[in-house]
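Below, in structure tokens: the form predicted on its own, a single chain.
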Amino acid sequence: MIAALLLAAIFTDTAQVESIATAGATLWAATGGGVERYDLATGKRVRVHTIGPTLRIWSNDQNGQIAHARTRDSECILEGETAECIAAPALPPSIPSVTPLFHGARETARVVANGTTVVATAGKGIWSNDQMLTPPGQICGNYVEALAEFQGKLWVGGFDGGLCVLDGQRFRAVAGPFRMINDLRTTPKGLYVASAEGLYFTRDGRRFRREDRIRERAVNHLAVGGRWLFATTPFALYAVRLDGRIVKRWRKPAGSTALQSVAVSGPNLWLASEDVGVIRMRRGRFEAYDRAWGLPSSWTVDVAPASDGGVWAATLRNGSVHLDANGRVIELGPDPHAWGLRLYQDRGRTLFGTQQGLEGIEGLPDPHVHAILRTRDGLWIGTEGGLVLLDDA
């Protein structure tokens, strides 16, 4: 259980606007990062309700203090500083329509209130009388897939938002030949970026080169052990020498064609696969441990090092499991029904990010936890609805 952690900050991207509504002197906006509230007179954003990606917003309160919002699976009432949400039937699919472009982005809504024309866009935020209201310096995407600390700064990789870095209190998008990032790994040589477009490397955080020793383009996860960088693609495991040109490739290790994560634990290398369970590589030989061996499932999505060369493995929908260095099941995680996403070793404990959240943590913008990283600022948690910083207290 995680204890003594406080929610310090939530970072979301509100540039994707689905709908807007005005009530009195208040502008409400349903965005990919939650519900925004603006003062129409000044154009200032006064509040963000991080209730997750929001699809609709409406208000009948002429005082501008109360609004109703719909997310994918809940209906919320927003009043003052609070947001109360209850489960609701899924919304029907939206009807495709042709909409005009505004500043190069698709226009999603337009209202005229108090002599002000407000335009909402899909990707470029909200505009009032042709002036952008959406604050700059936001995170580059709400679906956070990977985190790393490089050059003393936090780097964030998005599932579809590319790469950005936290400079002070603002995020800065980093241009690169990738958009769908799966993992980030810092090494003494620089930062590696695993993406759907391939494996890339940078020394300075500005120029990226593709690691051409990786044949496949889709690179899932990375791990570092000694002088080697290990990378998985669905069909192969790679070991890339950090201080030379040597590369090793193992095709279909233990027969797997659906590799996911990789971790180094003592003398062993462990792999998570979606078809043959957990795979151990020891002295160049592979051995698979699956449901027939005693695991709760053969569909594993992540691995993290445990003591004595063992491993913790996250299954898709049957919780987590701890194996010793010889592949014997030591213990099962506390929730056998958890849908696993990410494991992270933090100060002697194993944190288990799932599709239902992270144990002991409330107030996440979205329950799907894909990335966890501790820095001097605290514990960072990446979800499908934004990035959270937890502060030790």
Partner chain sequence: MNRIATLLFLFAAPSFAQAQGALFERAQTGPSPNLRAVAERVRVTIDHQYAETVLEQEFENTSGARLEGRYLLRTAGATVEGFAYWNGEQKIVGEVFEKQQARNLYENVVGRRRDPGLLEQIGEGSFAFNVFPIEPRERKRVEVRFGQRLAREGRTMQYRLTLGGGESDVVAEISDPHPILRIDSQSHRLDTERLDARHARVRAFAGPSGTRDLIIDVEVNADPWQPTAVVHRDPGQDPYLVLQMAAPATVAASEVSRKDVTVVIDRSGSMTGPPMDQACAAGELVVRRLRRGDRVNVIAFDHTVDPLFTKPQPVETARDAALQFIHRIRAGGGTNIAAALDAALRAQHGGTEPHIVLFLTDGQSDSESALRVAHDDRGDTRVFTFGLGSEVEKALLSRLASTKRGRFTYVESPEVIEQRVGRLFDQIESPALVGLSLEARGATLLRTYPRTLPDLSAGDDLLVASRVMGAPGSQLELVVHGTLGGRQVSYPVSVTLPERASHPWAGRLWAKSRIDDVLEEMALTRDPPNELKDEVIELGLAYDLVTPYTSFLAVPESELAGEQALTLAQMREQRAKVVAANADAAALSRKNMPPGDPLLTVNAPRDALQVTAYFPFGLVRDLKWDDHLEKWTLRFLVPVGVADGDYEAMVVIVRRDHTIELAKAAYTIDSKEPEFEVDAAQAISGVHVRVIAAEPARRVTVALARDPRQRIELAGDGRVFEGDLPVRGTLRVVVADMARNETSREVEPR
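Positions refer to the first chain, counted from 1. This one's a predicted model, so the numbers in the text were calculated from it and none came from an experiment.
Keep in mind that the form predicted in complex with its partner chain is missing from the display, and what follows is about it.
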{"item": "Position in contact with its partner chain when the complex is considered in the predicted complex, options Arg209, His103, Arg203, Arg217, heavy atoms within 4.5 Å", "value": "Arg217"}
{"item": "Residue (of Trp228, Tyr143, Phe171, Trp127) lying close to its partner chain in the predicted complex, criterion heavy atoms within 4.5 Å", "value": "Tyr143"}
{"item": "Partner-proximal stretch of 172-180, 109-117, 131-139, 147-155 relative to its partner chain in the predicted complex, 4.5 angstroms, heavy atom", "value": "172-180"}
{"item": "Contact label in the predicted complex: Ala87 to its partner chain, heavy atom within 4.5 Å", "value": "no"}
{"item": "Its partner chain contact at Thr233 in the predicted complex, heavy atom, 4.5 Å", "value": "no"}
{"item": "Partner contact for Ala258 in the predicted complex: its partner chain, 4.5 angstroms, heavy atom", "value": "yes"}
{"item": "Partner proximity in the predicted complex: Tyr192 to its partner chain, non-hydrogen atom cutoff 4.5 Å", "value": "no"}
{"item": "Site test, Phe159, Asp290 and Trp299 vs its partner chain in the predicted complex, non-hydrogen atom cutoff 4.5 Å", "value": "yes"}
{"item": "Residues from 75-111 in contact with its partner chain (non-hydrogen atom within 4.5 Å) in the predicted complex", "value": "Leu91, Pro92, Pro93, Ser94, Ile95, Pro96, Ser97, Val98, Thr99, Leu101, Arg106"}
